[in-house]
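Coming up is one lone chain in structure tokens, specifically the form predicted on its own.
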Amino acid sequence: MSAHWLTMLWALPAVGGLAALAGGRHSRWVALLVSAGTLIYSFSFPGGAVISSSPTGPFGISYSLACDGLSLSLCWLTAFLTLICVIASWKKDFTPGYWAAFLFLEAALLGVFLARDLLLFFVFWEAVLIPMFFIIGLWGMEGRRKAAMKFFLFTFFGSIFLLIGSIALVTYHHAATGIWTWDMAVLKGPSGRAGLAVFAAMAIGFAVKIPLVPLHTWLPDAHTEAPAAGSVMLAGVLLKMGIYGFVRILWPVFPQLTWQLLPWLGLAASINVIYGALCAMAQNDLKRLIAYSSVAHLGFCLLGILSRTPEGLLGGSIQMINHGLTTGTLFLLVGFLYDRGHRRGLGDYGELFRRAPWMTFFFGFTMLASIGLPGLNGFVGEFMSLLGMARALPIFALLGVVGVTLAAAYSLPAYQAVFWDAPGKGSVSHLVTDLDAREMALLSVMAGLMLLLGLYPGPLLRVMQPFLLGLVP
């Protein structure tokens, strides 16, 4: 397939972002049409590997793109959630820059998942920071500027390590072979202490984005202050970049070293699962609760990936998609609730089932999917991830099971407090109205996908399978 076809996938929202900037009061229509067109176009690619590249330039740099099952699945998720965010923001009086920022963000994310040249990957990786920084800093809540700066500094700090590790990796490859290349499919990491240093540098870059404890502290603040649609993209797609880096780069480039470090990496992922869940239990703010739940759920994804078993790799990868759907929906629901009551505290509401039965239903449905109820999408990824880790290191699978239990312990009481318990003093439940037709349509689509992937995940697993099974030793 010509490079132009793959280029169009990320270039379409990039050009659309420029059009939205110049669109004035029509910017939201530009964003809607472009995001819908990008989603439709993403489904035109086959599930197998599609590779394109340009001639190699100085120092082995090339404009190389590829689209296999894993990257295609994440491209679908990116395009879908971008469209959802545009529709969810439809009634807000945002400036053209807001709509343009989401299209630029979509373009950069698609570039990350399509790039196969390591330098091109890093360029797209860095480009993601810019629109998200402005989404948080310009259109967020009261503490938006501090949260945006913290987000940028943490992630830029990680990017410095990623760049240093990438340059060291390419330099080593040149010293060993005499060939300059940034091609991810060709690069192989050094062994010994040099390999450990390069691996650690790149792993830190990915760990900040996941984020792994203790590099996670930027995430709750960013989620709390971001607009609802910004939180959807942040949790739904941006956090997947770190997991994707482990699968796409660290496993293939450092297969032996990653396996040797599995006990330490598995411990880090398990800490995420337990620590994230415990922090979520201590939260009174719905947004911060969901933010910490993301820390825990991304630990499940990493546990599956690290197992390097067929079940674990497929489970961790499909869990990235499932987490994007469930957590994105929860942030949408919190945004709809905040639009009505202008508060997010668990004690600010009560007995909303009387005033907003449909909101009560969708919130409960999504909470159950998030904690992994069998029949819904969250169960598939968590079960396969834990099954894979049980084959590799059973102790970390056991810690994961504890995390599943804790997920119910923080999710269900929060749901009960907001929707079923009697309202307390100062409650704003009387301000809450039920979902309108637009909101109902959005949530129905999201809930339908959760149910579909819970009952019939086979087609998506088959799309991912060829690439992922190639990583199994």
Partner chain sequence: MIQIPLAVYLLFLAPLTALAFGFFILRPWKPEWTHIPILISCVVVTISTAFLAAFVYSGHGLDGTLFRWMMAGDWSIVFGVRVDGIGVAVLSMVSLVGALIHFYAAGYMKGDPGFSRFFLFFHLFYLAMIGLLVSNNYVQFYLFWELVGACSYFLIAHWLHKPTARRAALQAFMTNRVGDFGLMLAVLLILARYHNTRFAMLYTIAPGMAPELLALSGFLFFWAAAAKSAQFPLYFWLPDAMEGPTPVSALMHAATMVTAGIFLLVRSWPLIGSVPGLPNFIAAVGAATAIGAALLACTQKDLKRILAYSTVSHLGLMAFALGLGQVAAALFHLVVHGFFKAALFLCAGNVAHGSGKPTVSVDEAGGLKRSLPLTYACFAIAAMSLAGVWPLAGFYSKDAILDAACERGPWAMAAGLAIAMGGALYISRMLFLTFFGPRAEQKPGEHVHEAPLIMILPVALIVVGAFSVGWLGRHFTHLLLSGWPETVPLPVLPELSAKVSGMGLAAMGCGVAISYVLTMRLPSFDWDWRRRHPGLEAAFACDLGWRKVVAWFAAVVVRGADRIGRVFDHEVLDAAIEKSADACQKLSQTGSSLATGSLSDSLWWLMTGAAALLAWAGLR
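Since this is a predicted model, take the numbers as computed values, not measurements. Residue numbers count along the first chain shown, from 1.
The form predicted together with its partner chain is left out here; the points below concern that form.
Asks: Could you tell me if all three of Leu278, Ala408 and Pro457 have a heavy atom no more than 4.5 Å from its partner chain in the model of the complex?
Replies: Yes: each residue has a heavy atom within 4.5 Å of the partner.
Asks: Name the single residue among Phe246, Phe199, Tyr338, Phe383 that comes within 4.5 Å of its partner chain in the model of the complex, judging by heavy atoms.
Replies: For this set of options, the contacting one is Phe383.
Asks: To verify the annotation, which of these, Arg355, Arg343, Lys287, His216, has a non-hydrogen atom within 4.5 Å of its partner chain in the model of the complex?
Replies: The option sitting close enough to the partner is His216.
Asks: Taking its partner chain as it sits in the model of the complex, is Pro413 in contact with it (heavy atom to heavy atom, 4.5 Å or less)?
Replies: Looking in the model of the complex, residue contacts with its partner chain include Pro413, since a heavy atom lies within 4.5 Å.
Asks: Though only this chain appears here, would Leu314 touch its partner chain in the model of the complex if you measure heavy atom gaps against 4.5 Å?
Replies: Result yes; Leu314 sits at the interface with its partner chain in the model of the complex.
Asks: My question is simply whether Tyr292 lines the interface with its partner chain in the model of the complex - judged by any non-hydrogen atom within 4.5 Å.
Replies: Tyr292 belongs to the contact set for its partner chain.
Asks: Report yes if any heavy atom of Phe379 sits within 4.5 Å of a heavy atom of its partner chain in the model of the complex; otherwise report no.
Replies: Phe379: yes, in contact with its partner chain in the model of the complex.
Asks: Want to guess which of 149-157, 229-237, 251-259, 70-78 is within 4.5 Å of its partner chain in the model of the complex, heavy atoms only?
Replies: Selected range: 149-157.
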